[in-house]
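Take a look at this one chain, the form predicted on its own, written out in structure tokens.
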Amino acid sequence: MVADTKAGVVKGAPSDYEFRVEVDRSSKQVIVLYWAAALFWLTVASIAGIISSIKLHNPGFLGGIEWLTFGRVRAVHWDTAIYGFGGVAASGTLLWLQARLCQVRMPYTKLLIAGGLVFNVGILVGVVGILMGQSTGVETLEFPLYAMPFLVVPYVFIVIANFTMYFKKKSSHTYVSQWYLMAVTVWFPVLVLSAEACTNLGAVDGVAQAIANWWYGHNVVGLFATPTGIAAAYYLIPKVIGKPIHSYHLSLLGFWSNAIFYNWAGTHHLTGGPLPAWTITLGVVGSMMMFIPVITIGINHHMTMLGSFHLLKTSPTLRFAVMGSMLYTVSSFQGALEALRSHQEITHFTHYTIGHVHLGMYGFFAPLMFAMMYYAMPRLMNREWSSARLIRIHFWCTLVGTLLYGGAMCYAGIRQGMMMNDPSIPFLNIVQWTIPFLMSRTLAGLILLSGTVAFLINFVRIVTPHKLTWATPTMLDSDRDWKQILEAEKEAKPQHE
């Protein structure tokens, strides 16, 4: 067995392996609950996204249902994606990784289960509130105020459990992944409480509310989803290939530059708005400085994988982890360049931004959460994934759907922006020109949903008790005859006993 360290991988004694099994057993109920809920909300988000996408090229679709107007269902799509899937999946990842890296049993499991249930009730309450027309109207904070305590209070349990595990850790060393996990634990509550105070609770007025809104809207991705995804990549890639991280010093530079610069990048979303020029410039500078962490993290992941890319043919975990890491680099480069005023002159208020967001969330973050689930679930459930074919369907639907979505929207956004800058082109003509690309967006959403359904089937199978109690790891290059395996197990049972 191996464990990641700052210098590489070290051999563990059998007792270490046995203790890791005990750690997994202690966290099983909590993590399975969180990840199952995350996949449910991802399905809801995907369906809501498809409905809102269809409405863009077929406005009459479900037009007689007041609860499913575009403004409502679009908000449900984004909030269930960022909080329902992103928040719950990241919380499960954070807790499992921290327990593994600290080598301690999961504390306060009953509180964490209760907190997870309350959190999901809060998301449900928020979704119903939005569909009823009670959205706050503040982007990324659309949930009605009465839903937010359901989301904030349970997170306190996660913070307590996370710090408890960290201060009880067996090793004196803090792993690279733990830097990001501890940072997320601190950053997320500060982000949510500050943003709610400044926007929906009226701590500031006017233009300052817009600044606070996009400070939060940008940072909930960059200081919550991004660090959790990077932590997963830093753990999984060395773990699967059995090689050390390329450079400990690069990982330090990547962490601190991300922590320092990402916080300032949000105001570039308000370019052209009624803000002081220096606030926009600050966001542009912060975005340009993000090249430092993106390049260093990208180099670290690529150089770690160098010589091991052939393992992508067989490992589901590695395939999703590498996909997420590569699209992290692509989407982050894109996001930094998008901040430039010359870039915004073309892409601002176009579909380009939508394509960029989906490349980041579904191209980077989601695959790394999938990779974590593919790696951890067999260890938690003590059984293997039932179908390599379903894993392949999931991967290719995720990759093709993300690239089609991002490519169609980014190209359409650039052309759309160029045409909007030409006063001789009627706006209605521009809208009509984008329709084929909006249809491509819907198709991409359907492909992504198909991949999610394939993963759901595999997930339900692995958490559902069945007769099979042993099997080799599920690899991508072969499908197994489970009937034959069951018969072989039955014949081999006296030997095991």
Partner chain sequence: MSRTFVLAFGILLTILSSVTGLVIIPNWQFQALKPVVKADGRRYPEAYFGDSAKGRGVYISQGCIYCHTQQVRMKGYGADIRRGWGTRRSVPRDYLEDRPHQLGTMRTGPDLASIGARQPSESWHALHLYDPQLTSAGSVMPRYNYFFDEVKRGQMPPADAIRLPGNGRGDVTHILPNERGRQLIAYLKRLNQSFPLPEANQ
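It should be emphasised that the depicted structure is a prediction, and the values quoted were computed from it without experimental measurement. Residue numbers count along the first chain shown, from 1.
Not pictured, yet referred to below: the form predicted together with the partner chain.
- Contact check for residue 56: a heavy atom falls within 4.5 Å of the partner chain in the predicted complex.
- Put simply, residue 224 is far from the partner chain in the predicted complex: not one heavy atom of it is within 4.5 Å.
- The partner chain in the predicted complex is approached by residue 190, whose closest heavy atom lies within 4.5 angstroms of it.
- With a 4.5 Å cutoff on heavy atoms, residue 431 counts as touching the partner chain in the predicted complex.
- Contact with the partner chain in the predicted complex holds for none of 88, 334 and 407, as no heavy atom of theirs lies within 4.5 Å.
- Distance criterion of 4.5 Å from any heavy atom to the partner chain in the predicted complex singles out 256 from the list 411, 396, 146, 256.
- Just one of 75, 359, 161, 391 comes within 4.5 Å of the partner chain in the predicted complex, counting any heavy atom, and that one is 75.
- Only one listed stretch (422 to 430, 317 to 325, 397 to 405, 152 to 160) carries heavy atoms within 4.5 Å of the partner chain in the predicted complex, and that stretch is 422 to 430.
- Contacts with the partner chain in the predicted complex, taken as any heavy atom within 4.5 Å, map within 325 to 362 to 341, 344, 345, 348, 349, 350, 351, 354.
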